[in-house]
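Here we start with a single chain on its own, the form predicted alone, put down as structure tokens.
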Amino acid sequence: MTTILFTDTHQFADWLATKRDSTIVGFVPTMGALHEGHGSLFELARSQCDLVIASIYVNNLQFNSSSDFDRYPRTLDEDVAMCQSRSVDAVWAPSQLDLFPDGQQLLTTGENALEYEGRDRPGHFVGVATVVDRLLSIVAPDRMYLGAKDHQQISVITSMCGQLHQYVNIVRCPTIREHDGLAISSRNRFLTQHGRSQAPIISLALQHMIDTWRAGETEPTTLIAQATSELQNINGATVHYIAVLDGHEMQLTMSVKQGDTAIIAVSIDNVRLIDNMQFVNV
């Protein structure tokens, strides 16, 4: 099959309208710079849906500086080639004017957007929710596939969909990792060679938290202190936060239990990296 690229929203919507009957539509929203993490989402969507659509839109609203927005990699040809290799039916890559012809009307987010990434990156989740809402209003998929690495983002999008797009089934997909454990991310390409060699300690610290819990420790502050101590061994790293949350929710847990989630954000080489792992027994 050949992946169709649409840059015009009207043409995309007209094409999609012809595919609706008795079709399960799977949707993967992205900002491009695709990697194997995205590839895993496409593959799962392909296995579960009749029609698979990927969007590529570099969302200016979710960047906290114009320089970060400007340096975000635009790799449309390579991205379409990846989609083709994973049997994605269509890639929709609108411009800002095409996506928001009447201007961007910002959504309001809830309390689950206030802390962690929301605290450190003001306006980030408002931007995420605003764009995903617009994408969903056009695609109206049956299923939307999101990577588990962005734990808080999934929470915010799930809340938004619960209010505005209740028909969408959100599929939470496992984090895909490099051979050394580092969570695959578009940001990894900005690391220096030295920074890249140091970065796997982030996932290692999370795994050690889980191992310590499996050995009987249930106090979150003890587990967080252990991880913080390990991360301080990274020269030039900044730990933004480490927290243990209640299951998939954004509330802190008082005593760590099966299914809770440890989340983390660390900057290395001034590159902000996030990750998370669930507390599960082997």
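Model, not experiment: these values are computed from the prediction. Each residue number is its position in the shown sequence, starting from 1.
The next section is about a form of this same protein that is not shown, the form predicted together with a small molecule.
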Looking at the small molecule in the predicted complex, is some heavy atom of each of Lys149, Gln153 and Ile176 within 4.5 Å of it? yes
Pick from His35, Arg46, Lys257, His248: which residue has any heavy atom within 4.5 angstroms of the small molecule in the predicted complex? His35
Heavy atom within 4.5 Å of the small molecule in the predicted complex - the one residue of Leu204, Ile184, Ile138, Val126 that qualifies: Ile184
Only one of 100-108, 206-214, 176-184, 86-94 has heavy atoms within 4.5 Å of the small molecule in the predicted complex; I'd like to know which. 176-184
Thr253 within 4.5 Å of the small molecule in the predicted complex, heavy atoms: no
Since only the chain is shown here, I'm wondering whether Phe190 would be in contact with the small molecule in the predicted complex (any heavy atom pair within 4.5 Å). no
So in the predicted complex, is the small molecule close enough to Ile53 to count as touching (4.5 Å, heavy atoms)? no
Taking the shortest heavy atom distance, is Pro29 within 4.5 Å of the small molecule in the predicted complex? yes
